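Single chain ahead, by itself, as structure tokens, in the form predicted alone.
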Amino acid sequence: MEATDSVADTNPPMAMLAELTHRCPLACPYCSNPLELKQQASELPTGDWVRVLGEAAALGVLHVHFSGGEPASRRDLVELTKAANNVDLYTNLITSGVGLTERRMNELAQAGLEHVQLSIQGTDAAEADHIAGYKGGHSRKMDVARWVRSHDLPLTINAVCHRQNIDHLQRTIDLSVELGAHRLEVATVQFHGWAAKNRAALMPTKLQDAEARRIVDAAREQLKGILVIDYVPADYHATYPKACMGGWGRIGLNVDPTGRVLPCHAAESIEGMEFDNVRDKSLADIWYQSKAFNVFRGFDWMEEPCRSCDRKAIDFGGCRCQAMAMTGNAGATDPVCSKSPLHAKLLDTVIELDAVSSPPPLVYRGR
């Protein structure tokens, strides 16, 4: 893949996703991490992460999201939070809650942690622990939510939504309010990586999607000033694709556990693409100069109908990883788009999945 001529028009990134580790105690059947997880021995050491956080701040990054896997699996999480705070990066911890203790939550708050995004898999222990494949996980999550709020830290609940739990959406909203969350992200499963193995079991029906939209619209009106609700519907049910990552290489970057820098979390699923590493190059050099970041910047790379479409500056052609998965060509129009020549094939898939009356058993990660 050849890079496009768009470096001169590139602004600094606003956010960095720091994927500290792929280690995680959960076995979620929709895990968004790569099929081949990075091993602990290959993880970026503390000193390199501290340097990268400094480079990110100098580059113009405003906030860092500590993620994984489960970032609490890293013993240096408090140290890295302090390092980010020292260079004035806004810090957000994206966590399953499993692996955190009240003492460690206290230490993170004292280190300057400014926000927590807590994932939940259901609204009660039986449902949530079944989906996560981890007994006792839901109870720990409820504890973590209380610890977060005891420090008066903003709390976002991330509720991954799918066919087997979307009918409990109203209860998810109620639970978020009960926990004192400021924001709820209702995120429908994206079918990359491991989630693709469970598509028939997890894809919501069109009727479920329509009802979820109705519930969200009503709750937004009712809970104004109390809870902000973001809803990311299933791509397969959309007329137009979303602007994945706000456009390739436009707003944010990801550093994976080994130090490779990616334009999006799933970018390594694109065959033939190589990614530079912070062990070898500076973050600024990678952001502005690397082939991986420039290949889908701007509009020169686009094929028709994207190239002449009046929406190209709105959705930037959609998701490159999804285009790769569905067409074998990362430069193709995202088939989610109604203007794509492959959209009709996607609609056939939606009809086929809607007709599944009894979802197949879940295939858990690592099992």
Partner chain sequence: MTEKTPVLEADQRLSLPRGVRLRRDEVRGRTVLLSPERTMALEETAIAIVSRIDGKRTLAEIIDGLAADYKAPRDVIAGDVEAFLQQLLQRRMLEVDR
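Predicted, not measured: the structure shown is a model, and the values here were computed from it. Residue numbers count along the first chain shown, from 1.
A second form of this protein, the form predicted in complex with its partner chain, is not displayed here; the remarks below concern that form.
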Considering its partner chain in the predicted bound form, find the one stretch among 67 to 75, 110 to 118, 238 to 246, 274 to 282 with heavy atoms no farther than 4.5 Å from it.
-> 110 to 118
Are 59, 63 and 154 jointly within 4.5 Å of its partner chain in the predicted bound form, each by at least one heavy atom?
-> yes
Of 183, 168, 297, 265, which residue is found within 4.5 angstroms of its partner chain in the predicted bound form when only non-hydrogen atoms are counted?
-> 183
Its partner chain isn't shown here, but in the predicted bound form which of 89, 286, 160, 100 has a heavy atom within 4.5 Å of it?
-> 89
So in the predicted bound form, does residue 174 come within 4.5 Å of its partner chain, heavy atom to heavy atom?
-> yes
Though only this chain appears here, would residue 14 touch its partner chain in the predicted bound form if you measure heavy atom gaps against 4.5 Å?
-> yes
Verify the contact flag for residue 125: yes if a non-hydrogen atom of it lies within 4.5 Å of a non-hydrogen atom of its partner chain in the predicted bound form, no if not.
-> no
Can residue 222 be called a contact residue for its partner chain in the predicted bound form at 4.5 Å between heavy atoms?
-> yes
